[in-house]
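A lone chain, given as structure tokens: the form predicted alone.
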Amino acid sequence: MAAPLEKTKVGIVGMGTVGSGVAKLLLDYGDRTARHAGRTLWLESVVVRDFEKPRGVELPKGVLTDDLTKITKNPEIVAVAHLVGGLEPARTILLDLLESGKDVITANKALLAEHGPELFDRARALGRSIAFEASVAGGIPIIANISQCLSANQIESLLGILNGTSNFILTQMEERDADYDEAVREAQRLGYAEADPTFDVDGRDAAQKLAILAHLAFGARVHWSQIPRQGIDTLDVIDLRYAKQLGYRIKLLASAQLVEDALELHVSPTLVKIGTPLAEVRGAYNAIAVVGDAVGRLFFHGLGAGQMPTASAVVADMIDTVVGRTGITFRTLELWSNREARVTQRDYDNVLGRYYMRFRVDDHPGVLAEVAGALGRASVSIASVLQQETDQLRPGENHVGPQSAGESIVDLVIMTHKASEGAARRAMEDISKLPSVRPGSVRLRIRG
């Protein structure tokens, strides 16, 4: 008969959706985790804020508590899943766990993006570790792959769909021809979007995740707020229709690319060629395309949120932590240390790209020439033009400019050749001042 496995006690702080999933994996599949850990992961304590709130999992008697000291004062608990959202009290709780001698596994990307240097410095000083696979892409093991499996490579670029809520909304807008507000309501009904979806749809969530990945892959020390970003909250369904007509889909992409020893970073709605892997990522899925100088192109795809995919990443980190792998990696990588950044961020005005531009213009002779002239003065070259008539004004529009009876308003869609961000922005500003151009011009990046 085999000898009983060693018992290693662990804890959880926060029993929301992900915390319940972690508890399920530890309690219902203990034999599975024991095979990988070589020991039994024994769930000793679960700390919650509201002791009376119904839980999605049945815990053994005496495990649930609202007293954090049940973990911090228990020297037998060695690793804790920190599943508290927001910045405070999440930051204070994580520091308390470290101070009490616990190794920590967290899924809180906002906390790492905002306070990573402070938390990691303190963990190092205390001889503890922080694991955070679940913080970026849910069940996709992108942290381990970049920091460990691809360590023989110089990563050249990362391009990802890092927010499942935004991707679900865009999929609804394309497949159902739904407007933005309707797609958001459907995402909320299905639990993909919060009552206030701002954090997801304005690009902040993706920017925070990109800041973490850029630090891991390139040694960049860029605060997420320094990453230029544009969300999907101002997108019109008409642009998804035009994009599809031109052979593209619109995705909210987070991009990090090394160009001449500087790092180009941005988050923006982007036209992606239909048939390419990123264009085919549907619904609430995430995906990251990675290029390494030795390995070439890699593509990671999976659920980037949700109870069990995120819990899967948390428990995997917990196993690595209790067997010692996380500690070795944590000490070796020196993440968010005081070392000088290996790369600097490129001025966004100098970042090159192709652009989709849409203008609402009065349909009379000479308008296209005026628009083309403004582009030419900014050194932005036209690749193609699409113009379709419409006799209807949109809500809030009035006839202005040199319009004669019987003239209509048209959408003028221009695809450009490669130009700098600064040149494209200046061209848009000049075109928007033309008397025949209506308010609400749109400019989106093109990929592929």
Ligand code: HSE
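Numbering starts at 1 and follows the sequence shown. Source: prediction; values computed, not measured.
There is also a form predicted in complex with L-homoserine; it is not shown, and the following applies to it.
Asker: Ok, T165, S268, S312, T72: which has a heavy atom sitting within 4.5 Å of L-homoserine in the model of the complex?
Answerer: If I apply the 4.5 Å criterion carefully, the residue I get is T165.
Asker: Considering L-homoserine in the model of the complex, which of E76, D181, D349, E194 comes within 4.5 Å of it through any heavy atom?
Answerer: Looking at the other structure, the residue within range turns out to be E194.
Asker: Tell me which stretch of 323-331, 370-378, 297-305, 251-259 has a heavy atom within 4.5 angstroms of L-homoserine in the model of the complex.
Answerer: That would be stretch 297-305.
Asker: Going by a heavy atom distance of 4.5 Å, is R354 a contact of L-homoserine in the model of the complex?
Answerer: Output for R354 is no: heavy atoms all beyond 4.5 Å of L-homoserine.
Asker: Heavy atoms within 4.5 Å of L-homoserine in the model of the complex: does K102 have any?
Answerer: So K102 does not count as contacting L-homoserine.
Asker: Although the partner isn't part of this model, could you tell me whether D317 comes within 4.5 Å of L-homoserine in the model of the complex, counting any heavy atom of the residue?
Answerer: Residue-level check for D317: no, no contact with L-homoserine.
Asker: Would you check, heavy atoms only and a 4.5 Å threshold, whether K109 touches L-homoserine in the model of the complex?
Answerer: K109: contacts L-homoserine in the model of the complex.
Asker: Let me know which residues along 202-222 have a heavy atom within 4.5 Å of L-homoserine in the model of the complex, or say none if there are none.
Answerer: Sequence-ordered list: D205, K209.
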